[in-house]
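Have a look below at one chain only, the form predicted on its own, in C-alpha cells format.
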C-alpha cells in the first residue's frame, strides 16, 4: 500500500501556450481515495490541468507529484493514471470483454489474470452480463460504463475523467453521477473529475476546486463552497446568488460582524473574511435565493429590504419571484410551491433573511 499522503499534488504549476497563460501557478493536494472535481467555465484551465496530470502536456513551471514522486518527466504510458474521455473511444470491432482486456493484454499479464481483472471490473460497473456484446449494441450509458471498466482494470492510482457524462441525456447523466460516486467508493481510488456543470460537481465530489482564468479561486467541500464562497465569481458560478453592496459598521471579538447595505438596511453576517472585516471597508453580501422570504409588510426583528414584484415564475417544485428593489437592482427569491401563493407582479413587498445565512465575500470584487 502506498504511504504517500496525497495521490496527487501540484506545486505552483503554470502552463503557457505562447503568450497565453492557460494555468497560472496553481497549488493542489488531493488525498488518496478522494473524489475531487475541477470545476469552471470553458477556457478556465481545468482540462489543461487534467492533461498535465495525465502527461499529455508538460508544465511550463512548477512541480507535479504522483503518490509523492515527481512526475513532470514521466511519460503518459508510465504514469499510474488512466484517463476517461467524453467520447468513450471504444474499439468498435471488439466485444465489451476484449475492450476492457486490451490494457492488461498489452501489459502481457497472464490470461487467467486478465480474465479475473476484466470480469471484476465489469462487475464493478454492472456490465458483466454484457461481456460478449459489441459497442454498437450498447446504449450511451452502457458504453460509458465499459469505458470506465477499461480504465479501472489497469488499477490506476488516479483516475482522470474529462467531462465523461457530457454526451448523455439529462436523466441518464443524473443516474450516472450516482453510479460514478458508488464506483469510486467501491474501488477506493482517487478520482479527478473535470466538469463545467456545477450541479454535477456538487453531487459527486468530496471536495472541489473552482477555477477561473487559469487560477483556483476556492477549494473546499460542496457545502463550504456553496455557503461560504471566497469570491463573487464563486458565489455566482456555484448556484444562484443575490449580491448586495455594503459597508462594515462594527467588528467586535465574539460578536457577529455588522454591515449596512446601501439602502440603509443593517444586518449581521454569518461569516466574513478577516481581511474584509474592518470598520468602514466596502464589502459584498451574498444571499442565496432559497434563504430569502417575502412579506407584505416590514417584518420585525429581521433585516429586510423593500421592493416590488416584477415577475412570478412557476418552476414545478419552486416558484421564482424577481423583486425590483426600491434602492435599485433586483433580488431573486425561491419559494416552494407548498407555500401559499403570496405575491403577484406589481405587489409591493419586503424581502427578509436570517442573519446566519448572510455571507461576505472579498471586497476586491467591488
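Positions refer to the first chain, counted from 1. It should be emphasised that the depicted structure is a prediction, and the values quoted were computed from it without experimental measurement.
The same protein has a further form, the form predicted together with a small molecule, not shown here; the description that follows concerns it.
Query raised in the report: Contact between residue 163 and the small molecule in the model of the complex at 4.5 Å, heavy atoms?
Result: Yes, contact at 4.5 Å.
Report task. Evaluate residue 43 for contact with the small molecule in the model of the complex, applying a 4.5 angstroms cut-off between non-hydrogen atoms, and reply yes or no. Result -> Taking the distances in the model of the complex, the answer for residue 43 is yes, it comes within 4.5 Å of the small molecule.
Query raised in the report: Would residue 343 count as touching the small molecule in the model of the complex under a 4.5 Å heavy atom rule?
Result: Close contact is absent here: in the model of the complex, residue 343 is far from the small molecule, nothing within 4.5 Å, heavy atoms only.
Query raised in the report: Might residue 48 be said to contact the small molecule in the model of the complex, defining contact as any heavy atom within 4.5 Å?
Result: It does: once the small molecule is placed as it appears in the model of the complex, residue 48 has a heavy atom within 4.5 Å of it.
Query raised in the report: For the chain seen here without its partner, which of 61-69, 34-42, 297-305, 310-318 has a heavy atom within 4.5 Å of the small molecule in the model of the complex?
Result: In short, 34-42.
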